[in-house]
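In C-alpha cells, one chain follows: the form predicted alone.
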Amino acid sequence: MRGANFGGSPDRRILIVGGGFGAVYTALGLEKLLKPEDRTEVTLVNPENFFLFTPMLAEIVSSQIDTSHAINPLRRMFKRTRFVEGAAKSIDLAAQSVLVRHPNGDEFGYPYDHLVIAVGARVGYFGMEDVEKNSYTAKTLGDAIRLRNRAIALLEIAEIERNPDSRAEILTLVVAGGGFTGVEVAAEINDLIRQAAKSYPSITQRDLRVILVEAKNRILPEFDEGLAAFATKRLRASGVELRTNTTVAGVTDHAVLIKDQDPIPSRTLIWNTGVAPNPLIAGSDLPQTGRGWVKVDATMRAEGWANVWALGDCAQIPDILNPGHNQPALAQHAIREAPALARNIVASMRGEVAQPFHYRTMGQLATLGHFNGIGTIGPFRVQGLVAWLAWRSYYLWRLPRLEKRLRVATDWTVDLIFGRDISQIQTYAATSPKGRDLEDDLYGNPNDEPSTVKGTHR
C-alpha cells in the first residue's frame, strides 16, 4: 500500500473521504504542497478503487467509448497518497475518527488531524418509492453499464415480440429531467438505439421513441433561451420527443405516470432529476444547511470545526464573487476548489491564514448527440459541430493520464469508422448464486441486475 514512509508514525494525518473530482484533486494538490519534513500522511477512502470521469458517462451508455476507458485506477494516480478501499459509515467529530467498512466486512476507525468530506450527493426521488425502485439512473459506472445493457436488451426482445402494444412499450424509453445529464443521456441513448436498430430487421426508426420530460417550461435552464431553443430543435430533429411542463408522478411495470396527463406506455424510466444529501452527512453531527449539505465558509472549512473541510457536491460553498449565491455543483468548480482547499489545509497546519475560494465559471458545454452540441466559452456562444468538437477537445484534455486519453481518442475514431458495438456486457454468472438459470438472469427475475426487460428494477 502506497504512502509516505517516515520510519515511524506520521506527525499528522489528513483523511479524505470520497473518490470524485473534489477528493482526488485535493489529494493531488496535497502531494504537490507537502514535503517529507512535514511528516504528514494523506489517506483517501472510497468504496471503488477507481476515479470515474463523469462527463463521459453518457458516452459509456451509448457505447461510444469502452467501459473502462473513462475510469482511472486511484493507486496509479497517486504517488504518496495512501488509498484505502472501503465505505465510510460514520464520523465521530469529537474523537476525530471515521468508521470505515471494508469489502471483507471488517470495520476500522481511521483517525485524522484534518478531515476532508468530498462524498458528493445521491439521487433524490422526491419521496416516490416506486420511482426509486423501478427506474434507472446515470450517476455511476454501474448505472452506465446497466443502461447500455437495457437499451440493447429492449431491441432484442422487441425483435421477437408479437403483441403490438407490448412492442410499443418496450421500444419507448422515458428520460426524466431536462438538465445537463438528462439531455446528454437522452441524446446518446437515442443515437445508440437508432444506430443499433439497423441490425434488427423487424424494427424501423418509426418504432423507436425516446421521450425527454421536463417539469419546467424549457430544457437546459443552465443556458440562455437561444441555446436552449437550438438544443430543442436539434434533439427533435434527431428523433427525441420533448415534453416540457411535464412532471413524472410515478411508474409501473408498463407505464410512466404523468401528473395531470395520460400515462406514457413504457417499460423504462431513466431518472435524471433530483439530488439528495449523502447518508454519511445526514447521519453525522456535521453542520448542515436546511437541505442537508455540509455548511462551510468560503475557505471550505466546516462551520464550528477548525480541522474539518468539505467541497464539491456535498458542500454549500459561498460564492464571494456573487453574494447570496453558492458555488455550483459542476466538475470545473470542484477541480478548482480542490487545490485551493489543499493550500488552506497546509496553511492551517503551518499556522497561516486560510484564503477564501473564488472562481468565475469559464463556460459550459453540453453534447446533443449526432455531432451536435451547445455551449458558452467565456463571452462566446457556440453551437452545432463547433460546440461538439469543443466538448470533446476540452474533456479529452481534462481526462487524467495520457494512457486513458489515447484510449478514448481511439474509441472515438473506431466509432466514426465502424459504428458502435451492440453486444450486451455480461454481468451475471453462468450459474447464479441462487441457482437461477440464465433465462431468469436475462429476462426478468425481480431480484436480478437491472439489465432485465420484464421490469425496470434499478
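Predicted, not measured: the structure shown is a model, and the values here were computed from it. When you see a residue number, it is the position in the sequence shown, counting from 1.
One more form of this protein exists, namely the form predicted together with a small molecule; it is left out here, but the text below deals with it.
Stretch 79 to 87 is the answer when you ask which of 79 to 87, 162 to 170, 232 to 240, 214 to 222 has residues with heavy atoms within 4.5 Å of the small molecule in the model of the complex. With the partner omitted from this view, the residue of H254, R75, K139, H358 that lies near the small molecule in the model of the complex is K139 [heavy atom within 4.5 Å]. Residue T181 is the only one of T181, T376, N134, Q96 with a heavy atom lying within 4.5 Å of the small molecule in the model of the complex. In the model of the complex, the small molecule stays beyond 4.5 Å of every heavy atom belonging to A186.
Contact annotation for G120: at least one heavy atom lies within 4.5 Å of the small molecule in the model of the complex. Using a 4.5 angstroms threshold between heavy atoms, P55 counts as touching the small molecule in the model of the complex. Proximity of Q332 to the small molecule in the model of the complex falls within the 4.5 Å heavy atom cutoff.
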